[in-house]
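Shown next as structure tokens: one chain only, the form predicted on its own.
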């Protein structure tokens, strides 16, 4: 076997990390270098399983040398290989461990990025787990007052919720994006998020929740005076009037065309149900109001 044979390197490294009658102390520095060489050798040979194991050992070696940054890097390499092997449980575990190691270095941005990498890897295979990773990645940035860095993560989680047809959760995450945008004075992103949440509720054919969302968001001055507010108002009016053509016309507006693609697609499919029932309800409410005011 060649001295660069990765199996031989692993065997040699393992011996350096174990005590024996002839070895009274471990040599993690030398062992880690061998694990790193072996990992790269296995990866070049496309032996991803052994490469993954070698990167895990290299990560532990860096930890033993009090180098969490390098340990995190190796753990991410192991996670990427777990993805190639479609070992989704390890993808989650490794990216989470990498994130923890980055936090030990007091580096929240790469810690969040690591969770986001895991989330992207899981979007199709385990969408619920992907959402949780995106959520945790957002929390790290929120706690570091870096909400603006999380905008794409909020949007990514929203897209998965929409794919899963969990529209209430999607709208809730959009409102969370709006709050984050408010904290960093990103008014345009804030108003877009609120309009998007209203559209999601309308797509779910929940006019009452859409109206409540609109009224709540309109308490915020930036949204009240925005193009997105006027667009939402037109949409809601068209719904209460049962005007299908007006709904479709507003859905084609430039204001909606400037939203994220996943929201544009929902808007272009409006209305998703019978809006005449909303007109009937509105007419009934108006009649009841007239009756209450009739003093004769």
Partner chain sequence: MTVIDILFRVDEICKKYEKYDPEKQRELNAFCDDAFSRLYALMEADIDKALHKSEMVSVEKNRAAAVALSAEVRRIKARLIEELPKLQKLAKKKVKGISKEDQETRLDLVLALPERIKAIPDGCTTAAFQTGGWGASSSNKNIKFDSSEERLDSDFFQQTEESNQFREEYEMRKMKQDEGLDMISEGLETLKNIALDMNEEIDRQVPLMDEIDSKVDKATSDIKRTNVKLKKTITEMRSSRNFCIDIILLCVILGIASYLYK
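Residue numbers count along the first chain shown, from 1. Keep in mind it's a predicted model, so treat the numbers as computed, not measured.
The form predicted together with its partner chain exists for this protein as well; it is not shown, and the discussion that follows is about that form.
**Student:** Quick check: do 78, 117 and 156 each get a heavy atom within 4.5 Å of its partner chain in the model of the complex?
**Tutor:** Contact check failed for every one of 78, 117 and 156.
**Student:** Can any non-hydrogen atom of residue 261 be found within 4.5 angstroms of its partner chain in the model of the complex?
**Tutor:** Flag for residue 261 set to no.
**Student:** Is residue 176 close enough to its partner chain in the model of the complex to count, meaning some heavy atom within 4.5 Å?
**Tutor:** Close contact is absent here: in the model of the complex, residue 176 is far from its partner chain, nothing within 4.5 Å, heavy atoms only.
**Student:** Is residue 37 a contact residue for its partner chain in the model of the complex, using a 4.5 Å heavy atom cut-off?
**Tutor:** Contact check for residue 37: no, nothing within 4.5 Å of its partner chain in the model of the complex.
**Student:** For residue 188, is any heavy atom within 4.5 Å of its partner chain in the model of the complex, or not?
**Tutor:** Residue 188 belongs to the contact set for its partner chain.
**Student:** Please tell me which of 168, 148, 89, 215 lies within 4.5 Å of its partner chain in the model of the complex, judged by heavy atoms.
**Tutor:** Partner contact (heavy atom, 4.5 Å) among the options: 148.
**Student:** Could you work out which of 152, 128, 124, 221 is the residue within 4.5 angstroms of its partner chain in the model of the complex, going by heavy atoms?
**Tutor:** Filtering the options by heavy-atom distance leaves 152.
**Student:** I need the one stretch from 51-59, 261-269, 25-33, 247-255 whose residues put non-hydrogen atoms within 4.5 angstroms of its partner chain in the model of the complex.
**Tutor:** Partner-contacting stretch among the options: 247-255.
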